[in-house]
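Here you'll find one protein chain in two forms, each presented separately as structure tokens under the names structure 1 and structure 2.
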Structure 1
Amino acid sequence: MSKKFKVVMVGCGHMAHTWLEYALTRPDTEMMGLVDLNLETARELAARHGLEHLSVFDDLAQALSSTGANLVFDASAPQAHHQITHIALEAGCDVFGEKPMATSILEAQSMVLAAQTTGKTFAVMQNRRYQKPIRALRTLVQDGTIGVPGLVSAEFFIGAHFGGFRDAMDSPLLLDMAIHTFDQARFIVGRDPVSVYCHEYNPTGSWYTGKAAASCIFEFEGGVVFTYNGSWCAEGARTSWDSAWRVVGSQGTAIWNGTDVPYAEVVADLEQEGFLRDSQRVEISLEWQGQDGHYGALDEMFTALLEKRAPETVCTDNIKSMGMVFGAVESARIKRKVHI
């Protein structure tokens, strides 16, 4: 019997393996073809997963017309996302794409417009939302345990030697990595960004061509401040890829080191007088039952299509996280606070 989702995968490099492995777990999904500028890369991906029978292409439009696919997975390099998304949406396909959605706000806006005009779903991968600890931290912050949140901070320090497209990007940290952290900040506090001041730089000793470090101060709705300090060329004393988080509320603080179970320390007795008030530790349990990372994000995207609703990371939401990235880049360029 014909399967509901007929998928063409574009971009067959490192990340494509995870997307393909996921698709192969779904009984309602059939892989129809693989597309890469480098046909050999597409053939290697097929062979690694025992899919030698799949057709490979170096042109998406041709792949779509030959296979009759109705869903496109886009795990190509960031600079290709704009063109691929337009081709796929305009051919009548839904699109699930890798982060970052685009390489400029104008590209992102035109992709959102294309999704709205065609009536198709365009959702963006933000796998770092789909983990038990961040879901628990979000509940801790949003259920009032620490009172009203006022300050969120994230620290990200990793010395990553990639090679490839990241080494040549102007803003590798902000565009290719901080998009995760900025999206996580919006997710944790449930508020949208208003403004940003950013200093972006390339530290001495960096092996990147572009700027691999940044310090940003965002303001969110309701006056919540989010500070981000990050470097992708920081050797030693590495943080988690999920950053180290502190959320300070009116009655306490939530902590997540990006790896372990988050916890809070809250004022033990709000009536207590004196210089420093005693606090008590609040332990939480990990209750979210979804799959981790890409699998959880893709579960949500497919479920949304089946339920005919917008996925959590639909482009109209994701463009707010992209706005944080491009606002930060612009602020660093003009050396002033920028409204998002």
Structure 2
Amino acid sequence: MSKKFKVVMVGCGHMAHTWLEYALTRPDTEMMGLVDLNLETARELAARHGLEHLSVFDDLAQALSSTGANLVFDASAPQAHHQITHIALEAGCDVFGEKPMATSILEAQSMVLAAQTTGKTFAVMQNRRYQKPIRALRTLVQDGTIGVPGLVSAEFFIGAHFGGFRDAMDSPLLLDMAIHTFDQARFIVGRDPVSVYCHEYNPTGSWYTGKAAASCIFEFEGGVVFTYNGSWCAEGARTSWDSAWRVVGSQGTAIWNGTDVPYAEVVADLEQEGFLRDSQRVEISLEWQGQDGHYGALDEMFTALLEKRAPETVCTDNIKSMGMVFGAVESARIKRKVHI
């Protein structure tokens, strides 16, 4: 019997393995072909997963016309996302793509318009939303445990020696990594960004050509302020890759170190008088039952298609996180506050 989802994968590098492994777990999904500019890379990916029978291509349009695919996985390099998404959408395919959506806000807007015009789904991978601890933190913030949130802060300090293209980027932290943290901030507080002021710099001792550190102040809807302080060339005392978080509300504070179970400290007695009020700790259990990371995000994308609704990270939502990235880059360039 024919399977519902017929998938062509574009980009057969390191990240493609996770996408392909996930697809092979779904009984309703069939891999139809692999696309990469280097055909040998595509063949190696197929062989590693026992899929030597798969057709390989160096051209997406040809792959789609030859296989009859209805869904494209885009795990290519960011600079290729714009072209790949347009080709796939205009061929009548839905698209699930890796982050970042695009390399400029104009490209992102064009991709959103293409999805709206074709009526197809274009969703973007934001795997760091799909973890039990961040879901628990979001619950602490949005269920009123700490009152009305007013301040969110995230600190990210890791000395990452990648080598390769990141070392040569103009804004490696903001363009390649901060999208995760910015998207998480939107997810945690359930608000969208309004403006940003960003100072970007390259600390002493940095091995990056571009500016590998940044401090940002975002204003969200409703007056919520989100501050981000990060560096990709910070040796020692590393934070989690998911940052260290503090969310301050009108009645307490939620804390997550990016690894362990989050918790809150809230005012014990709102009627108490005096200089400092007593607080009490609030624990929360990890109740979310979804899969972690890419698998959780892909579960949501496929479920949305089956239920004929927009996925959580549909392009019309994800472009707001992209707006935070490009707004921060522009603010750093002109040294002024930028409206998003």
Ligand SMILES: NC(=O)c1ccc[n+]([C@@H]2O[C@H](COP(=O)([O-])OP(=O)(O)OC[C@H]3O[C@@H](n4cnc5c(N)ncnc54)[C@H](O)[C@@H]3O)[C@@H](O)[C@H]2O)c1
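Each form is matched to the other, and the largest set of C-alpha atoms that superpose within 1.5 Å is called the rigid core. Fair warning: this is a prediction, and the values are worked out from it, not measured in the lab. Every residue number counts along structure 1's sequence, beginning with 1.
Looking at both structures, it is structure 2 that matches the form predicted on its own. In the core-superposed comparison between the two structures, the C-alpha atom of R129 has shifted by less than 2 angstroms. For M169, a C-alpha deviation of 2 angstroms or more is recorded between the two structures after rigid-core alignment.
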